[in-house]
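Presented below, as structure tokens, is a lone chain in the form predicted alone.
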Amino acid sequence: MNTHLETKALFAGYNPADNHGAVKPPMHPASTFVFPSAAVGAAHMETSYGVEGAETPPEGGFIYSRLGNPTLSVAETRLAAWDESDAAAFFARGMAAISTMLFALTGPDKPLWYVGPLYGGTQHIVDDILPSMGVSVKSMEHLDDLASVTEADGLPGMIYLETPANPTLQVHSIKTAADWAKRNSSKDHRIIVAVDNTFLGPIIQRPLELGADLNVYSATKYIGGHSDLIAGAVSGEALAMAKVFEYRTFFGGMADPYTSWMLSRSMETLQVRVDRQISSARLILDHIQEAPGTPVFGINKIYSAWAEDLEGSGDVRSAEIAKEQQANGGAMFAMELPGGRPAAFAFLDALNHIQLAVSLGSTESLAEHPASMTHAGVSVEEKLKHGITEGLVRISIGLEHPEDLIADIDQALQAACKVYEETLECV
């Protein structure tokens, strides 16, 4: 009998028999671990540091919590189970996960090609830090641009994308990137495809099944999902993950035992939380649209990753991609309000149930102003290029009753409407 993924993931990485029958895994805050003998200690250390000819150490041993920890191991095994990946690594921050992965798998001979928009912190690494380290960086308007790459363009070491993208929910074809990378990779030059799957994974979108090599997450979001921890994660194919683990060991960015314990707990409720968030988001999107793609309440544009909304807005190509790689459009959306920043701020300040805060994917609904908050450090030109206007607000739907969230959005839209009511009749 096939066991469902949420059943397998619930118990992954832990056997109660190993801990006096305790139904939940304990937390191990220990910084260092006792070796049973000097020979075993040498085998562990020499293997960890890649010493040639080192003896193979016994399985299951630990050395020092920068190199590995039992509580961290449980959490990573559970994420690998959710993603059905070869391995998973948790980090102290989402940016630690992203930066470690980029540093590990790009370089002067491994250019980075990406398609935007990107999260503001990632954009800074891509624009400023990687080039200072000798990494050539290329921004693509669309992944379809790969079809016109010539020999003179060279080849990337990594193709990186967020889909749906932050904050305007553009969807990009993971399969397009993965298929092109495999066709153009060789024994001497492998092209890695890495996908920031924070907005949808691992429940709604599964990049590894579409040919990507690595998933990247801000695990603070849905994986943690309670606004009470900060973490990042990378999961994926064994060889690529080996470089990620190597760099994590020396950068020291792994998640601590307490965070790891909290992540293990949170992943047990991942499916039920996301299911509720998805259903509420769909009800809210239906409410604020008379028909798919036709906004009311004086909204200029609604950004959604749902295929039906993309079709309704006339973006047939994106709708096809969404149908191919997503189970649905998730619990995030954004709205562009006429009236610019004053209207957006009026909307945000009027909210009662939805909290005015950055982040997303948590039990509580959150709203923010990307242009001045999450993407404040991105250039004006880059923001406008990707639709990040002064009137844009981004909303993450939580676990509150959807009728209360609808009423809250309605009254906040009315508050925003007063900013521009001379030029627009609000419904």
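Predicted, not measured: the structure shown is a model, and the values here were computed from it. Note that residue numbering follows the sequence shown and begins at 1.
There is also a form predicted together with a small molecule; it is not shown, and the following applies to it.
The small molecule is not drawn, but in the model of the complex it has no heavy atom within 4.5 Å of residue 285.
Within this chain, residue 76 is remote from the site of the small molecule in the model of the complex, having no heavy atom within 4.5 Å. Of the heavy atoms in residue 137, none are within 4.5 Å of the small molecule in the model of the complex. Proximity of residue 98 to the small molecule in the model of the complex falls within the 4.5 Å heavy atom cutoff. This chain is displayed alone, yet in the model of the complex one of 260, 304, 235, 218 has a heavy atom within 4.5 Å of the small molecule; that residue is 218. Contact with the small molecule in the model of the complex, defined as a heavy atom within 4.5 Å, holds for exactly one of 353, 93, 110, 243, namely 93.
From the list 248 to 256, 276 to 284, 261 to 269, 192 to 200, the contact stretch for the small molecule in the model of the complex under a 4.5 Å heavy atom rule is 192 to 200. Across the proposed site, 205, 333 and 395 without exception lack any heavy atom within 4.5 Å of the small molecule in the model of the complex.
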